[in-house]
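As a starting point, one isolated chain is supplied in structure tokens, in the form predicted alone.
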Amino acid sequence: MTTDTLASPTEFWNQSAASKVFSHPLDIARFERTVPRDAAILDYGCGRGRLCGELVAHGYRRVEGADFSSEMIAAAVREHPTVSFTLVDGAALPYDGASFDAVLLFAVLTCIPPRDAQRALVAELRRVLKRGGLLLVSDYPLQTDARNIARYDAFSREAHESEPWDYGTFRLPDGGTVRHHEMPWFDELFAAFTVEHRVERDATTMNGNPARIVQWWLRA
């Protein structure tokens, strides 16, 4: 498969709804110290609702999940019937400004490689956050192992000059296009927020491979 025939993001994630395992860890102890139980919380890119279910299990009741994959949302509704889930189109969110006290963005930026799309999403999440609200991001920096470096380099060689891709973008064996990020890009992307805390952690990718992730606790 060449870059001309990559699966569309919606198609890929609908096809992956039943097979991928999402496991970026939430530091629930820190979250409970930071976010009160009556807070309005949005999990953007909620997938099958894993984090929404975890928050509800810890006493949070005003939890909303949003995703642009209809299959992910259908699975989330089945698995977590007490949580509200919304299918979104990846553009403007159907929420008023300052609607949420906290927004979670776990392994979502990796799924939308273009810079402009990432900028637009982060700006939209800032819009729906209350002043001083929490944006909690978990995502992938560039990995340093040989397997990932080979994938970055291979995709860079294949990419068309007419549609440049940032280094760290690569194609998954089953057709999805994802991106790992240079750390200065994250600094640029989150420039409108105050960094409250940042931590690197070990995690497992949706395909079961070990990876290093970075999590940011950001204030709007």
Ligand SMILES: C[S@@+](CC[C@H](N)C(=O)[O-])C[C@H]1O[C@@H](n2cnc3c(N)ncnc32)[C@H](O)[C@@H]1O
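Numbering starts at 1 and runs along the sequence shown. None of the values given here were measured: they were computed from a predicted structure.
One more form of this protein, predicted in complex with the named molecule, exists but is not displayed; see below.
field: Stretch in contact, per heavy atom within 4.5 angstroms of the named molecule in the predicted complex, of 141-149, 124-132, 77-85, 99-107
entry: Stretch with heavy atoms near the partner: 99-107.
- prompt: Of these, W165, F31, F186, Y44, which has a heavy atom no more than 4.5 Å from the named molecule in the predicted complex?
  reply: Only one listed residue qualifies here, and that residue is Y44.
Sole residue of F170, F68, Y60, F193 within 4.5 Å of the named molecule in the predicted complex, by heavy atom: Looking at the other structure, the residue within range turns out to be F68.
query: Does the named molecule come within 4.5 Å of any heavy atom of H181 in the predicted complex?
result: Looking in the predicted complex, residue contacts with the named molecule do not include H181, since no heavy atom lies within 4.5 Å.
- request: Decide whether P114 counts as a contact residue for the named molecule in the predicted complex under a heavy atom distance cut-off of 4.5 Å.
  value: No - in the predicted complex, heavy atoms of P114 and the named molecule never come within 4.5 Å of each other.
message: Would you classify L51 as touching the named molecule in the predicted complex, given a 4.5 Å non-hydrogen atom cut-off?
response: L51: yes, in contact with the named molecule in the predicted complex.
- request: Counting only non-hydrogen atoms and a 4.5 Å cut-off, give the residues of 70-86 close to the named molecule in the predicted complex.
  value: Only a single residue, M72, comes within 4.5 Å of the partner.
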